[in-house]
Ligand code: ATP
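What follows is one chain in structure tokens, specifically the form predicted alone.
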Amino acid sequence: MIEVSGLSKRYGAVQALRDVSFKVEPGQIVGFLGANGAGKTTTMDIMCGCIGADSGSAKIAGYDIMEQPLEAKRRLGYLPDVAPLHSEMRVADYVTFAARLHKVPSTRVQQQVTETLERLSLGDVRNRLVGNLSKGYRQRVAFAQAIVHNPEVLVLDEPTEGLDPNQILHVRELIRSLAGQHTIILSSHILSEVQNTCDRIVIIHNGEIVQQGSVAELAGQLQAVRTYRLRVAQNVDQLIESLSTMDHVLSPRLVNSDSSELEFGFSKEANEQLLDDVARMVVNGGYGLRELAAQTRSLEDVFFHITH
């Protein structure tokens, strides 16, 4: 339903995207995960025809967004990171305006506007000015313009950015309710949001796709890289330096300076004796061993190991 192939984009000296490729199957919710500046918005802007790529292609429901833009956009709903709202318009008027922009037949406009407003619990505010709504309601209105023409594909760029916890829960439920009826790709840098909402994950880092799959698949690919949490009494910075010199010890990093707590991993080649060697080094070095425990793997662990 969405097919991105070999996208590359440069802004002057900055290579924003480098050979980005992935697919989203019909009915799936796919999370496009990456840190700020990783290339998420650039990819989505190209997918939706807002900007062009230097090379590569993006297809929506089989239609190339650059070669067949009208056909592709008929099947596409886009919620950009900055919602395209008109604060001086009333909610129903704005959604009607969006429906007409999306070429909804005139005989169906009012029906689809009404159904969309009810679907998003906007019926009670249909006659209010968009600019007078709370941020949570404004985000619902932004969703309304993206789905009023009942597109096959939804592209959502940071849909929960700036919302409070209750609003985030509502948007999450809304996205889940759209699953199956629409194919959805949503970008985020909030790992828990992606983990709780999406069927699959695509991770982008420095303009390149570095991994993709389900959360379970991504974690499974890294199971051989064991991770541990270590807490000591003192000199944690010095301990991190010492761990960095040990063979097969990966990415020691401070996670809590107040409790002198750090995290590190073992490579696939590490043997069982290495954990004993670490414990012995901590004790003999006078760091004051307080805790050494294996870590359960989460999406945060996966993201950290993939992007470091």
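Quick note: we count residues from 1 along the sequence shown, nothing fancier. Bear in mind the structure is a predicted one, so any value in this text is a computation, not a measurement.
Just so it is clear, the following notes concern the form predicted together with adenosine-5'-triphosphate, a form of the same protein that is not shown.
K.L.:
Among S259, T245, N36, S267, which has at least one heavy atom within 4.5 Å of adenosine-5'-triphosphate in the model of the complex?
P.N.:
Contact check passes for N36.
K.L.:
Have a look at 277-285, 236-244, 64-72, 37-45 and name the one stretch with heavy atoms inside 4.5 Å of adenosine-5'-triphosphate in the model of the complex.
P.N.:
Selected range: 37-45.
K.L.:
Would E158 sit within 4.5 Å of adenosine-5'-triphosphate in the model of the complex, counting heavy atoms only?
P.N.:
Answer yes; at least one heavy atom of E158 falls within 4.5 Å of adenosine-5'-triphosphate in the model of the complex.
K.L.:
Indicate whether V14 is a 4.5 Å heavy atom neighbour of adenosine-5'-triphosphate in the model of the complex.
P.N.:
V14: yes, in contact with adenosine-5'-triphosphate in the model of the complex.
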